[in-house]
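Two forms, one chain: they're shown below as structure tokens, one block per form, named structure 1 and structure 2.
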Structure 1
């Protein structure tokens, strides 16, 4: 016998409407002017570039017009860091930075793309790939579908992400936004997990003056920590508040030598955290656990979800489970009016 109500919703799951969910996202975001006031860069320039980057995502402004508008101001503000890098255009037919540019990025052991590809050659990668039904073949467009009726608000995804990516205090790639409805004892709760949306039209890519943020063909938006200058313009351009600044803090008071264990992000061994060394002083965000995807594994948040609310797969494969879920009548994207076209879908 079905335990769903007449509207198909599980018992105790409130129907709050998509507008409320979008408002929850806005509540989570940092104040743009306050955030930029903490940097050494031009606050007014950052605010203007961020708003126009969102216009590019919405289709109200072209990428070329954007850089024509800000080229001179960005050059004055960022100097060589700006002049020596290309300006990405998010409306290109291929990935936002071409292969040659990707190969030139400043990652200590190669570009993010080459690092991910090299992981396939590792013995443990091959072993994991052979035993996985979701092995990457390089042609995927990775997407995530989150069933809000199954999310119990346990925060296991947030904890798993912390443990997997070794993120410092103040940096949480996965958060679960919560809102209560009603009055005791008739109370319900809305839980909305929020990773990076991995947008198809990402304003964070458009606004970055040094091409540190770029979108791969597989749909994942990455950050080159060695290229990032920490201006935080991308943080305020993100409509979802999914980016965080690494101030260099550690959990040493809670866990002995916590800062000595390197993060596995992008497959780069950066060693112990040290002041002045990336990713300290950089912007950070969820990458769908790129290092795990390339090993044929699910992101840590998906693997550990106790309610089985998260699903990961290839959105371009019409036979994949996530593709079918994303096409269902229950599926929607957060803040659809922004034009970002996220690769994260929700089921209401």
Structure 2
């Protein structure tokens, strides 16, 4: 292990050779006011701003007032440099400067909220995260957002998943459920696609007697086909019906070479499907196509989604598009009351 941590660098020792005399300090000067006065700018303004900035942070002065008071003067005084760099300057309620200030500073402003969102359910440090490949950082928490307004209920996701993961008859990691409400002619239908929710608090993991199914660092719930004893307790526990037992059926009666290709789920290539060999006799479910994600590809169902309803990304990255979608007021999770906290969000 590199001694400077996983992915960052340590700061370096400055190079003496580059230390120029210019940077050195003149012993003679003693009076800071004088020193400030030597610059071209208005000392008093600088000091006053500093003073008032402190008042703002104490709450004696509102941020708006502060900027009203100083913004123009400061710009006149300090010129463009004033707008050059981001500066929190003001400790306002939500720990960020107001938008106007941000504009005036010419910088982008995130917010504590977005940083905080990033922290939600975070239970590991960067250092602890496993770096798994060169495409993804390995510290993602994968999440899917499905827009029900856009889902046209076409089942392309279901079949893409069959083709990608080569699941046997009766095993369909994704299904699209239909609901119809109302009476003619005021009928509405909703199509609800259902992959595995990769719950944050997965009941399936909770009940597995051998920890064959467990939550990976990237949020995906894994099933270890080499460990699973096929007790099916997890199927009983899953509130979403997302788990399927591999009864060992196959398509050989109508498709040539149906079992030749299998999917390297979780990055494990098991070779051709063979009678009596795992995953036959195991429980199976959607893996969020981690093998594709690791390669930098969308899961098969997201890639192909014909309604442009499925979205994939890192929920731990507050700036990722899925985080923002999952945060929107339209977002909800299936069976929220179960406390499973799915990583699949739906947009109403």
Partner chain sequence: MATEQSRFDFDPGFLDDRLRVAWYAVLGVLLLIGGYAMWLRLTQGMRSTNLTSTTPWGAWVAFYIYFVGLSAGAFLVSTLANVFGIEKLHRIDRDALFAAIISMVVALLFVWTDLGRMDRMFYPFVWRQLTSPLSWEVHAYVAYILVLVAELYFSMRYDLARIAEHGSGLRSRLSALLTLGRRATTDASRATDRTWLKRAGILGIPLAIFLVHGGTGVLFAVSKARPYWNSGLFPVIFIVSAVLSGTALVMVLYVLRTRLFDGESVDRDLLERLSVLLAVFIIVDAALTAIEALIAVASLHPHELETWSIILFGEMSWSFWWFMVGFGWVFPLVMVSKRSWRRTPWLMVVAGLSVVIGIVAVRFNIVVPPQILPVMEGLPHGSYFPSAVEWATSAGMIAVGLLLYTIGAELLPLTPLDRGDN
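This is a predicted model, so every value here is computed, not measured. Only the largest set of C-alpha atoms that superpose within 1.5 Å between the two forms is called the rigid core. Numbering follows the first chain given and starts at 1.
The form predicted alone is structure 1, not structure 2. Here residue 264 counts as shifted, since its C-alpha moves by at least 2 Å between structures 1 and 2 after the core is aligned. Once both forms are fitted on their core, the CA shift for residue 170 between structures 1 and 2 remains under 2 Å.
For residue 249, a C-alpha deviation below 2 angstroms is recorded between structures 1 and 2 after rigid-core alignment. Structural comparison between structures 1 and 2 after rigid-core fitting shows the C-alpha of residue 187 displaced 3.8 Å.
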